[in-house]
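Before any questions on binding or motion, here is one chain by itself as structure tokens, the form predicted alone.
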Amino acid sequence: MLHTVNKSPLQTNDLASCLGHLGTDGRLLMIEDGVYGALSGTEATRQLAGPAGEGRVYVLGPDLEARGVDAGTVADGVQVVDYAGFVQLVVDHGPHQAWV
């Protein structure tokens, strides 16, 4: 299953809740303000370490760019994808659960 989080972890607990339901084969894509959860050196990235290390965490590059965030500040293991990558994640890991 593909999970998307669109709110900053500084604003809501959606990211933490999502991670509690990710399971062993779920994928997480951070979009919109959720991209702030992908930044290295934060409490959120500590929580992401396991699934990110397994290659199951993604962040939408255009949303990073729209917020003036350099992709080089993304935590280890978090993969930056473009819109085509977003679509491919939906195709490969649907159904989709939006944490809004």
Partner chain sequence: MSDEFEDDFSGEIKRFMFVNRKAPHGTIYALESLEVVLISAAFDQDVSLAFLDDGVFQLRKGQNANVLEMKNFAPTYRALEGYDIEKLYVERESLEARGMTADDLVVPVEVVDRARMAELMADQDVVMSF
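Positions refer to the first chain, counted from 1. Everything numeric here is computed off the predicted structure, so don't read it as measured data.
Below: the form predicted together with its partner chain, not depicted.
Residue contact with its partner chain in the predicted bound form: Gln88 places no heavy atom within 4.5 Å of it.
Interface residue remark: Gln11 is not counted as part of the site for its partner chain in the predicted bound form, having no heavy atom within 4.5 Å. Contact annotation for Ser17: at least one heavy atom lies within 4.5 Å of its partner chain in the predicted bound form. Annotation for 76-94: no interface residues with its partner chain in the predicted bound form [heavy atom within 4.5 Å].
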